[in-house]
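Here's a solo chain for you in structure tokens, the form predicted on its own.
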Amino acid sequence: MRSAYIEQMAELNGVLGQMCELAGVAMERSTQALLQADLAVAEEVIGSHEHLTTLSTQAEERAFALLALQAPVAGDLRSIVSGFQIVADIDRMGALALHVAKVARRRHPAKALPEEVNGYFAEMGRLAITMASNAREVLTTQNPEDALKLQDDDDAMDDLHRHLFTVLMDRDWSHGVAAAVDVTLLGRYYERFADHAVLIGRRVVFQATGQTPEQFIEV
């Protein structure tokens, strides 16, 4: 029974890792569409979102099967519950990447971003892609130390988000209200994408150790 649980839990985390990869690819392509006003790429992201939804359903089915067939208690039960939460986190990451693609599509053939903020979003996109990749890795390795390192990239994302607002609030901003709204929403999408990656890391710490990140750090 124990070996079956371990194997099935690894399979669940494998599906979750695939979902993280898809979310990262979606954000990478969405960022490309945003920066280059590439309608074809934006449509590709929007059209491929269904694959992530399908994997989400598969992951939930695997988690329910673990509950039904393995009758888990204590730490095993907590790990499965964390699995359900991770599904929701990755679903949200995919939805946020989808939102970025939809902004790019809505503003086409114009670019959604004024030139002076392109660098911010290029870097935010890079960080988001890295965090999705790292989240996938820790789901596979269940390494709590690496899972906690996701917070470092999130801090960098938060710094970029704050600096973005200094540009928006500058009296020299000349791009109007619509562009300011787009930049504000887009910045929020990237920030929240990173936040959900951090939550995945926190949940992996709990899965691997039975402790919250704060408790694990104190040990």
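Treat the numbers as computed from the prediction; the structure is a model and nothing was measured. Residue numbers run from 1 along the displayed sequence.
The same protein has a further form, the form predicted in complex with a further copy of the same chain, not shown here; the description that follows concerns it.
Look at 44-52, 148-156, 178-186, 31-39: in the model of the complex, residues with non-hydrogen atoms within 4.5 angstroms of a further copy of the same chain sit in 178-186. Looking at Tyr120, you'd find every heavy atom of it more than 4.5 angstroms from a further copy of the same chain in the model of the complex.
The closest heavy atom approach of His99 to a further copy of the same chain in the model of the complex falls within 4.5 Å. The shortest heavy atom separation between Leu77 and a further copy of the same chain in the model of the complex is within 4.5 Å. At the 4.5 Å threshold, heavy atoms of Leu168 reach a further copy of the same chain in the model of the complex.
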